[in-house]
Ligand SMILES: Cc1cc2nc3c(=O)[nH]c(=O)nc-3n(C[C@H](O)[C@H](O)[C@H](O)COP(=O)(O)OP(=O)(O)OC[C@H]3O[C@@H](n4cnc5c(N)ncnc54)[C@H](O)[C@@H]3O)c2cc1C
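The data below hold one chain only, encoded as structure tokens and taken in the form predicted on its own.
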């Protein structure tokens, strides 16, 4: 038997579940994915209520997908996705103004969530030892506090048991893992929560030549009023426009209210797209109340045969587009753990500890950004206050300094560590630019050349 076991069951056929199945296929004789929905390529899954809204795949995540699925980006483009270099073919407004355009070496893949997921699903299910079973709802685990031995599933009112050597919960932010653990007498993990009460509204428009000066997307981070949004050019020559508001200030879905809300953003770019384009559908809402992190890495003991990843482990504030990329990082962590051939009893602690490293960075970046909004309840440590003051100054510098803008975006895409912004050369630019001071003429010329 391999370290992961002969048979693995993955709960959920979303991004995290497909990535987990891809990695497990290297170590297990058989991988079965259980999905509650009946999947239709190109359609929005009922179990993904955010599926009709703007999604971002950070460049670190895209690179991992290329490693696991060579040609993934090329296949997306063949099916209508757009690619563009960040800050060159896309616009970003952060801290109330636009980041200065400059090459970043980062690639944005711009597509709808259904397309991103369907290509991943096609590639995963092409693996000879991976099977998808649709229309099955997992209602519990089998086993005891020491070992999970399978799952309980239901269809049409009838229950059955599927045995497994390894169960992976990738069922998303609606996971019932705490309840399932209680059902076998195991302790649930501690949780951390940060309430943001985020609301989305999204609508699709016909793209016209020349809009946004030919660029593929515009992203407006939430400003002091807690409002933001984005417009991205997706397959079918369409604009997918998403407006967002925090702390209950949610965008309306009626045409007049949607358009008026867009007019309150810090730049007119999105409002101009809305007023200059033909709407192709009605606006649809989505609400996200709180970011939640389940600390499986802090459990004193956990049953062997069970791993949890993706949003089931940590549901991030979707404003920061981290979820798919963190799921990809967790897949790499899983692969590294399995390659080390741990015993079944060692695997859960080893994996959850390794996965927590990727989760921690993304969680800290998002949480500190959320806590910069005075209306978000939460502890603001000295570190948080100093970090947010420094980041605000970095934003101001990035409005004018290409090198700061490039570094900031590479950190945001999880390609470089946050420490890149504390490099002495970058700090000097942030201090000068962030306080409104001018660099010397020679220094400015060097900046433009960097």
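Please read these numbers as outputs of a predicted model, since none were measured by experiment. Positions refer to the first chain, counted from 1.
We do not show the form predicted together with this ligand, though everything after this point is about it.
> Taking heavy atoms only, is residue 416 within 4.5 angstroms of this ligand in the predicted bound form?
No, residue 416 sits far enough from this ligand in the predicted bound form that none of its heavy atoms falls within 4.5 Å.
> I'd like to check something about residue 54: if you look in the predicted bound form, is any of its heavy atoms closer than or equal to 4.5 Å to a heavy atom of this ligand?
Residue 54: contacts this ligand in the predicted bound form.
> Report whether the minimum heavy atom distance between residue 294 and this ligand in the predicted bound form is within 4.5 Å.
Although this ligand is absent here, residue 294 would stay clear of it in the predicted bound form, with no heavy atoms inside 4.5 Å.
> Please check if residue 138 has a heavy atom lying within 4.5 Å of any heavy atom of this ligand in the predicted bound form.
Result yes; residue 138 sits at the interface with this ligand in the predicted bound form.
> Tell me, which of 124, 302, 171, 358 has a heavy atom within 4.5 angstroms of this ligand in the predicted bound form?
Answer to the contact question: 171.
> Quick one: from 321, 371, 204, 354, grab the residue that has a heavy atom within 4.5 Å of this ligand in the predicted bound form.
The residue in contact is 321.
> Can you check 322 to 330, 359 to 367, 104 to 112, 182 to 190 and let me know which stretch has heavy atoms within 4.5 Å of this ligand in the predicted bound form?
Stretch with heavy atoms near the partner: 322 to 330.
> Is any part of 7 to 37 within 4.5 angstroms of this ligand in the predicted bound form by a non-hydrogen atom, and which residues would that be?
If the 4.5 Å heavy-atom criterion is applied to this ligand in the predicted bound form, 7 to 37 yields 11, 12, 13, 14, 15, 16, 17, 34, 35, 36, 37.
> With a C-alpha distance change of 3 Å or more, do residue 127 and residue 155 lie closer or farther in the predicted bound form?
Here the pair is closer than in the predicted bound form; there, farther apart.
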